[in-house]
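In the block that follows, a single chain appears as structure tokens, in the form predicted on its own.
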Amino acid sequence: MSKPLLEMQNVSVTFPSGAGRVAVVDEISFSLDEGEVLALVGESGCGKTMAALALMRLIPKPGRAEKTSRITFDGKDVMAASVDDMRALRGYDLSMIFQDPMTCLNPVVRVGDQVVEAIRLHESVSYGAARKRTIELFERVGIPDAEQRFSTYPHLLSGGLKQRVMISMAVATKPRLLIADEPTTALDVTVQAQILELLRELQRDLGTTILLITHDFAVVNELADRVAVMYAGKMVEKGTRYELLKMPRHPYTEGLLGAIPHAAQRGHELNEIEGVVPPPALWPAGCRFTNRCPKAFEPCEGTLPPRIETSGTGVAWCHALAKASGR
């Protein structure tokens, strides 16, 4: 079998605190095959975006990826790559749709020229050819009056239009691996469908590999091949889309799926996961989900949960699951 395009092994990201360095991403591992779509799922603040920034080598200071982290892209050691090598890798082989377009666009450069610059930085094409491709991309992601918007400054665009510009920039060079961080946030349902269709076309027609970061299971169901669920910096469950959506095994995954509103619940209270995520400095030594888990028992708080192989190719890390299976 060929090696995965991307391998993330024991990746940890830490930030300083009064109690020393605290891990906001704690020894997570996953891989992506060429042409595959993996959805990284979890609540806001669980570490999904920080894991992607570790891959891109863009962790904001004073954060850092720990030396035990191993990230390999197409056989290249990303952690050992030089600044110049990473600059060449980003935007061409690796590209990212950032969650907050407000801070990612240059306020004094027209949005079209920013996409043109990204294209010409990696390809030997004329300004005119890059401009034509940019306008086509704008139309493809649902930007109205694309030719006129080309010459617009970011502050004159709505948040949704800025996000569509960022998506155009990320896919302009047809990257081998596209990281899509909440790509449909702040977009209406019609435009969400257009963006998902664009990502699907990239994956289908160009073989683009996609790391999809989201908390929206509807998006997961539309696009993902496999799903990895994170909670409080830790990986808690992994499996195929079917396994995770139809047969979740970890109590947290069950809670997330149970909280999705259904037509049959109309007029009734929504299910919820009780409690709140503890801050990183107060995470328990054992399972991070202990204080909110309906199945928690004595070993959960103080001992790291074991890795349990579930149905098919899935895995989960859970003491209750191990007890139920007699392990």
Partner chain sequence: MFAYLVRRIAYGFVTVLGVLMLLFVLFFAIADPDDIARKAVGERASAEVYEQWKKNHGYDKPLIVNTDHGAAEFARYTDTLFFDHYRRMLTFDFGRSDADDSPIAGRILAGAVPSLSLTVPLFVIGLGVGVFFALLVAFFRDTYVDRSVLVLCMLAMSIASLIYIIGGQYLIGMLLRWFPISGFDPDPTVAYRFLALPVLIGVVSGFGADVRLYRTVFLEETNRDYVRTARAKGCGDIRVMTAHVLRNALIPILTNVVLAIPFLFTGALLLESFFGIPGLGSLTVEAIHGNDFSTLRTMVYIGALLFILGQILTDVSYTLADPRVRLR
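Positions refer to the first chain, counted from 1. This one's a predicted model, so the numbers in the text were calculated from it and none came from an experiment. Each form is matched to the other, and the largest set of C-alpha atoms that superpose within 1.5 Å is called the rigid core.
We do not show the form predicted in complex with its partner chain, though everything after this point is about it.
Peer 1: Here the chain is shown alone; which of Gly128, Pro107, Gly207, Gly75 has a heavy atom within 4.5 Å of its partner chain in the predicted complex?
Peer 2: The option sitting close enough to the partner is Pro107.
Peer 1: If the cut-off is 4.5 angstroms on heavy atoms, which of these, Ile213, Leu178, Leu137, Ala118, is the one near its partner chain in the predicted complex?
Peer 2: Spelling it out, the residue with a heavy atom inside the cut-off is Ala118.
Peer 1: All three of Phe30, Ala296 and Lys323 touching its partner chain in the predicted complex at 4.5 Å, heavy atom to heavy atom?
Peer 2: No, none of the three is in contact.
Peer 1: Taking its partner chain as it sits in the predicted complex, is Thr103 in contact with it (heavy atom to heavy atom, 4.5 Å or less)?
Peer 2: Thr103: yes, in contact with its partner chain in the predicted complex.
Peer 1: Evaluate Phe150 for contact with its partner chain in the predicted complex, applying a 4.5 angstroms cut-off between non-hydrogen atoms, and reply yes or no.
Peer 2: So Phe150 does not count as contacting its partner chain.
Peer 1: Can you tell me whether Ala65 touches its partner chain? I mean in the predicted complex, with a 4.5 angstroms heavy atom cut-off.
Peer 2: The answer is no: Ala65 has no heavy atom within 4.5 Å of its partner chain.
Peer 1: Any chance Val236 has a heavy atom within 4.5 Å of its partner chain in the predicted complex?
Peer 2: No, no contact at 4.5 Å.
Peer 1: What residues, if any, in 149-170 have a non-hydrogen atom within 4.5 angstroms of its partner chain in the predicted complex?
Peer 2: Contacts from 149-170: Tyr153, His155, Leu156, Met166, Met169.
Peer 1: Quick one: once the rigid core is lined up, does Gly255 have its C-alpha move by 2 Å or more between this form and the one not shown?
Peer 2: After core superposition, the displacement of the Gly255 C-alpha between this form and the one not shown stays below 2 Å, so no.
Peer 1: For Lys246, state whether the C-alpha moves by 2 Å or more between this form and the one not shown after rigid core superposition.
Peer 2: No, shifts by less than 2 Å.
Peer 1: Taking the rigid core as the reference frame, tell me whether Lys234 has a CA displacement of 2 angstroms or more between this form and the one not shown.
Peer 2: Where the cores coincide, Lys234 shows only a C-alpha shift between this form and the one not shown that is less than 2 Å.
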